[in-house]
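In the block that follows, a single chain appears as structure tokens, in the form predicted on its own.
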């Protein structure tokens, strides 16, 4: 078992990483009262909920189960969670456990932050994407019809447990989607790590335990270091949005159907890398390394032809990273060296979007 400490908000948040570690955690250290509610989805409830419940025998345990899918990360699901908590008359000593991927993590976190102005939270992320990205850093939120994650807050958990054994039942498509965010840490932070991912793609895709623990540990450590320096995304934390401006626009354009978050971000990272090579000092050799690594893992690098360019441009215009009426893009001077620009002309972006469609 590996451990990373996220030092934030005047507290140390332990992050445990390993295989079959869920039964080794003493949850009583992180639960304030006696009431515990696990928020999860139907797929995970069927596969893993009964086993997880055994870790909470000494508590007054209840569960709330949602349908599975990004389209359910909305105001309706958020309201249903609050209705459940209010009808069961829970108090401020409640602990909410987010048991699932990024959708459940965001919904449960936002609910924990807003119910009675804030209750205890524990994260047990079950997808690779949630483990390496969304469960670390305190972001919570829901989607709006005009854009992704436009409504939300910052809510940090008491502890995060990342058990790689959950990947055994994770569909390959979702596992590969999570790899996109792992590759992102290499692109924005470490060429050495990016090359390691490229070289070991086959072993990682086979879900070999030692490789999974290593890549999750490296990703979590990288994100923790950034978040500790810039919790509210006023500076370098924005670099973690590499590829997300276009990625979120693609997801919103498709109404979160038919494309996973990591797949959209993979396209967005290729797009941002191409702009970096064209407008900045990113070398063709480094661009090729980025694109080749994404392709090795089976991730897409071009925009689906069935998405109208006008829709993508519309959703880019509603991007939450927009400031003073200008779109912000994270670009590269080289692998590991990012910068933010708001000087990209919308006509240039529109022309490039069209050229990126397969």
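Since the structure is predicted, the reported quantities are computational estimates derived from the model, not experimental observations. Residue numbers count along the first chain shown, from 1.
One more form of this protein exists, namely the form predicted together with a small molecule; it is left out here, but the text below deals with it.
Worksheet item: Can you pick the stretch from 214 to 222, 119 to 127, 274 to 282, 75 to 83 whose heavy atoms fall within 4.5 Å of the small molecule in the model of the complex?
Response: The contacting stretch here is 119 to 127.
Worksheet item: Within 4.5 Å of the small molecule in the model of the complex: all of 312, 316 and 350, by heavy atom?
Response: Heavy-atom distance to the small molecule in the model of the complex: none of the three under 4.5 Å.
Item to complete: Examine residue 303 and determine whether its closest non-hydrogen atom to the small molecule in the model of the complex is within 4.5 angstroms.
Response: No, residue 303 sits far enough from the small molecule in the model of the complex that none of its heavy atoms falls within 4.5 Å.
Item to complete: Tell me, yes or no, whether residue 228 is in contact with the small molecule in the model of the complex, where a contact means a heavy atom of each within 4.5 Å.
Response: No, residue 228 stays farther than 4.5 Å from the small molecule in the model of the complex.
Worksheet entry | Contact of residue 47 with the small molecule in the model of the complex (heavy atom, 4.5 Å) | Residue 47 belongs to the contact set for the small molecule.
Worksheet item: Does residue 266 reach the small molecule in the model of the complex, with heavy atoms at most 4.5 Å apart?
Response: Although the small molecule is absent here, residue 266 would stay clear of it in the model of the complex, with no heavy atoms inside 4.5 Å.
Item to complete: Go through 114, 190, 149, 198 and name the one with a heavy atom inside 4.5 Å of the small molecule in the model of the complex.
Response: Spelling it out, the residue with a heavy atom inside the cut-off is 149.
Worksheet entry | Residue (of 259, 170, 94, 182) lying close to the small molecule in the model of the complex, criterion heavy atoms within 4.5 Å | Looking at the other structure, the residue within range turns out to be 170.
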